[in-house]
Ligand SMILES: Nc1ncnc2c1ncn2[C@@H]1O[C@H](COP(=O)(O)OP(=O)(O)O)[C@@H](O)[C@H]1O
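What follows is one chain in structure tokens, specifically the form predicted alone.
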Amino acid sequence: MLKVSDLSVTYGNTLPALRGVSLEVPAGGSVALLGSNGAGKTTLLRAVSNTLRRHRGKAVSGSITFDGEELLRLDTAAIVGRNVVQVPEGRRIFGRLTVEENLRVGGMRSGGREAARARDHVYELFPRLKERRTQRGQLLSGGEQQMLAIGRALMAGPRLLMLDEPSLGLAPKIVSQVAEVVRAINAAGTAILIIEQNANMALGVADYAYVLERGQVSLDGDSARLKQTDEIKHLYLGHSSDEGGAPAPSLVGKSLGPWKEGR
């Protein structure tokens, strides 16, 4: 489905953001991309959506294909037309529009009946949005705004849904609810690529995960197995096996052994 091959990206023609990154999201799969601030996670989503130019970024090598079609040759609208849809970091809903109007914007590419079915599906996933359907987006809570951002993306009928830090700024209880909905979306057949610093949340919804460090994939594997590694426990889950709290070593270049085999 989605295949990123040896992708390198720079900003301002000088600052490297991604260096030889490769990853895959299979049809109906659920993949997490972990990493700290500045690791290159959002840059990868910008590359897939082909919005790098808006941020003075450029893909200098590599390719991104979706069902074999090169996405770097398409504009953002055409990529959405291929049913590759992103939920941006920070929600970015239309604050002055109502919940219903926000959803209507998300379904502009769909016919009336199709959009109505998509809206009803969103309301099934998020009953709270149905209760608030006439309320302006700016008056919703943070959790409700995140629900609306995901719901608006679902109105486009995505085959691949990309979520950029959906847990950011949310209370733990709301994070759990969002994770549950993401799992339900994936179970219904939509492939998921989730970008997160919250490793517990991301590894809980994804089958497979990649770790980005300084613009490179440093580790990847089955989510359940990754969660048990000392590196992930130390760097992302708040555990440390080192006496005195010594920092974990860099993961870049670390051998993955049999995890790479049979993918």
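Position 1 is the first residue in the sequence shown; the rest follow in order. Just so it is clear, the model here is predicted, and its values are computed rather than measured.
This next part talks about the form predicted in complex with this ligand, which is not shown.
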property	result
All of S36, G40 and E89 within 4.5 Å of this ligand in the predicted complex, heavy atom check	yes
Partner contact for V21 in the predicted complex: this ligand, 4.5 angstroms, heavy atom	no
Partner contact for H55 in the predicted complex: this ligand, 4.5 angstroms, heavy atom	yes
This ligand in the predicted complex: contacting segment from 66-74, 221-229, 22-30, 40-48, heavy atom within 4.5 Å	40-48
Partner contacts in the predicted complex for 1-25 (non-hydrogen atom within 4.5 angstroms of this ligand)	Y11, A17
